Each structure stands twice: as structure tokens, then as C-alpha cells.
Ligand SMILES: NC(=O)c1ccc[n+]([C@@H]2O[C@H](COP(=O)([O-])OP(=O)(O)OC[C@H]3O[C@@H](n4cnc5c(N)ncnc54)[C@H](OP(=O)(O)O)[C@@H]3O)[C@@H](O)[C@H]2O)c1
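Next up: a single chain in C-alpha cells, the form predicted on its own.
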């Protein structure tokens, strides 16, 4: 049996260790990729530190990670879009319920990607730049385009209205926010957003026409002023406190749709603790109470609000369209740029645990990347 090395989570809450695992054979709709770069997302250290509560279905040993860039080394029987030797990037969904984290996790030398969740890497794009896209891009697309979230038209769909509609993106310098701005602009929407003063110009350069400081006491009023009475297609809430702020904005401008992509309270305080219990109790109680409070407020205001699961496009028609049509076209015409910028923190599978720790310690307008 052919094997390769992987950064494996051997048991819940354990540090990642480099081990040998079996190299999978791609199924009919999959490609096997020799991974050259991976990016780290907050969900990776959340799973590592709290998975027995937040991802109770995940069995160990497991390979974590969602963001892959590399070369195709084998293709499934039904694959038509890719060939052996082609550079690709895509979304690995191994930690989702019902998937196989040893076959589909990103943090390993060889991993399988679904054909419908992958795209060719343009010649001008490095593996490190391509690796920053998958989860942030997919989550942004789910928030904007899935019918049960904002339900906006996708890029390439003709507009049925004459006056531009506005999309509010609270958290424009996050990975999801940067991709959401670019996707919304490509679809023909105006965007207003928030960011720190340090990152405001970066967010504007991606297409936000107005960027206000999320820490300002007048942030909500400033966004409302920037909207200027135009129709609002909806809002995307990213970061702690963003849901309540977006509800307030929507209540003032008549918006009726909100996509939430962050927990109301960060789980960071739990990850570094030796034991989850009893420290988890007040944290999850705060999350539960905040979620109920926001849901009730949204209902009173007539706002449809829901949490975004970034890999849910695997199972709907939007996934193949995004990865098969929209992403390649936007990369070719320059309307989609790698954002946040890759922050390469090491090389090799042994560097991934440090990369998770680096991401958890805090990065701003950058995506932590490891070369393999």
C-alpha cells in the first residue's frame, strides 16, 4: 500500500504530529492532489481545541485543514475538468459530518478534492496565493448567493433592477470579508464595509466604496449615512459583536436579510486550557444566550437571519458554478485577487502546529500559510 506523511490529530485536543497514512485512490468525482501549500483558518484550532464539543462527529485520528493548492497526481473516472500534472486549488471538506478526514483533510502531502470544489491555478498565481482562497471564498459565496442567506445574483447573472443595491459587510478585512467584497462587486452590487484604520485602504482597494472603523461609537450611523437611502440587499456579519451591529444597520435602512459567519463569542479562551470542563460552561452559555437574543431581535424586526456553513456549497448547484465558472472567469479578468495576502510562517508538515498557534495569536488582513 502506498503511503504519505500527514500532520495528524491523533486524539482530541492533542498537538498535531507527523505520521504515515495510506494514500487514497480518488473516487469517480475526485482528484488526488500533491499538496504544495496550505492555509490555516480559525476553525482549524477550534476543532483541535474544542472538537469533542463543537465537532462531536469527528473521529480521531484525523487530518484537519480546508485550504489546498498543489498538483493533480491522479483523477477519478468521471473527472473531465482536470488532468494529471495540472496545478489546482480547492476546498477540502474532510472535517464535515459524514466525510473522511484522513482522505480529505488539507494538512498532508496527498489529499483528495472534489472536482466540483476545485479550480485551475492561473500561471501568474503562486501556490501560496492560491491557498488563501478556498474556505474564505466559499463561505463568502454561501453568505451572498445561497437562497436561504442573502440570495443575491451570482457574478455573470444579468441584473433585473436598474438602481444599484448595497451589500453591508461588517468585517471587511477578514478572509471571508475580503472575498465577499470582491464577489459582491463582480455581481454588480455596491459595498459598504468596516475595518480598522490600518486596513481601511486595503478594503477599499478590493471594491468597498465606504469603509468605517468598526471600533467607532458611530460605526452604525456612519454605515447608514454611506448607504444614503439606497436599497439594501442584505448584510454579512463577521466577527464578535457583528450580528447586533448589522441588525441595527438593517433596522435603520429597511434591510431584511442577514448572513452570520461568526460565533457571538470567541472560543479562543477555551483552546489553551488543559481541560474543557468546567470552563466551557459559561462560554457556551454566553454563546447560546447571545444567539437566542439576536434571533429574537431579528424576528421582531422582520429580518431573516441564519448562520453560514462555508462548505455547504458542496451539496448544492452553487458549488460547481462558483468553482467551475465564476472563480476561473474572475481570476482571468482580474476581478478576483488573492486576499488576504499570504503570510508564510514555515515549511513542511512539522510547521503546521506552529501555524495554528500563530493564527490563534492574531493576524490582521493576512492569511497564515505553510509550504509543503
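Positions refer to the first chain, counted from 1. Since we're looking at a predicted model, the values are computed, not measured.
Heads up, the form predicted together with this ligand isn't pictured, but that's what we're talking about next.
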*Only one of 119-127, 268-276, 134-142, 76-84 gets a heavy atom within 4.5 Å of this ligand in the model of the complex; which is it?*
134-142
*Is this ligand close enough to 9, 109 and 111 in the model of the complex that each of the three has a heavy atom within 4.5 Å of it?*
no
*Answer with yes or no whether residue 365 is in contact with this ligand in the model of the complex, where contact means some heavy atom within 4.5 Å.*
yes
*asked:* Can you tell me whether residue 202 touches this ligand? I mean in the model of the complex, with a 4.5 angstroms heavy atom cut-off.
replied: no
_Proximity of residue 255 to this ligand in the model of the complex, heavy atoms at 4.5 Å_ = no
*Would residue 171 sit within 4.5 Å of this ligand in the model of the complex, counting heavy atoms only?*
yes
*Would you kindly say which of 262, 182, 294, 146 lies with a heavy atom within 4.5 Å of this ligand in the model of the complex?*
262
*Which one of 192, 91, 195, 150 is close to this ligand in the model of the complex, taking close to mean a heavy atom within 4.5 Å?*
195
_Stretch 296-323 - residues with a heavy atom within 4.5 Å of this ligand in the model of the complex_ = 307, 308, 309, 310
